[in-house]
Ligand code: CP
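In structure tokens, one chain follows: the form predicted on its own.
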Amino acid sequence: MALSTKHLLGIKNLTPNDIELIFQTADNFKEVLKRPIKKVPTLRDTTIVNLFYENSTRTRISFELAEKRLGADTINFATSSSSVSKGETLIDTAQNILAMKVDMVVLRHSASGAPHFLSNHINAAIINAGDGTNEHPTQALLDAYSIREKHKSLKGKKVAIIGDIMHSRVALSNIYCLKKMGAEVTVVGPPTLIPKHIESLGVQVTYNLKEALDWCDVANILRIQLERQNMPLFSSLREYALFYGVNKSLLDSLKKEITIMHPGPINRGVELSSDAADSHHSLILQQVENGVAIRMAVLYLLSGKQEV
């Protein structure tokens, strides 16, 4: 089986069958990651460049590890120490890299649509590792995969996405992914951080955190994206934590057990307290572990190779 697309530009471009195929392939790679020798030669002779125009720790390390576990040759491109700092354009950078016979490009960029632009101009598989406020598809895939692993299925599951919905590419990709796989979604946050007309994506909106937690099976808690906000959208982080911060006492007050998630990095004491993040409710470390398997699956499926 193969994906219906040659790139991973966003969840919006995937079918439910594509997502299920990625999950099934990740299941196989999770078995590989449990072996004493955690490498397979599947992408031997494949060259992948990690082209990150924005700072990243978790996503970049996760992709690098996935590539090395698959036996690929990896090039890490840091824009701060490259010709980009001298004004070189994205298209020129990519074409110069491709002249070195690169097969795949993992791109993170501050401009929404950058991976889509690149896919129209170069002959290599493009994987979107986050573009502006648009999408972050592999994060959504690993989030949904982690819910599926914990709750056996996504169909009918109630997921609350809490926090800075307006500036979060993780939120948008999660909404697309969860809705395609049959989950119900409610977004939660201050009115200033909820985009207008988001209900058109088939989600519910509430500004009441307790109401959302009482409703959901899973709460995916997002970081406040201060670096993307060009004006204050709430009075203070302390006020935000008071009304929208999730802590252990709040979780203990619920009439049922729920699962909490966070894509990282966590602003501890703001959107999530340490006692909640480190509690038995948390899937955060499982998300990190599953990220490697999901990214291995995506790289493998886009490479066109036929053996695991």
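Computed from a predicted model, the values in this text were never measured in an experiment. The numbering used is simple: start at 1 and walk along the sequence shown.
One more form of this protein should be noted, the form predicted in complex with the ligand, which is absent from this view; the next part is about it.
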Any non-hydrogen atom of Asn50 within 4.5 angstroms of the ligand in the model of the complex:
no
Might Gln139 be said to contact the ligand in the model of the complex, defining contact as any heavy atom within 4.5 Å?
yes
Since only the chain is shown here, I'm wondering whether Ser274 would be in contact with the ligand in the model of the complex (any heavy atom pair within 4.5 Å).
no
Is the gap between Gly245 and the ligand in the model of the complex 4.5 Å or less for some heavy atom pair?
no
Of Arg58, Lys39, Arg268, Arg44, the one that lies within 4.5 Å of the ligand in the model of the complex (heavy atoms):
Arg58
Where, among 176 to 184, 131 to 139, 160 to 168, 203 to 211, do residues come within 4.5 Å of the ligand in the model of the complex by heavy atom distance?
131 to 139
In the model of the complex, residues of 238 to 258 near the ligand [heavy atom within 4.5 Å]:
none
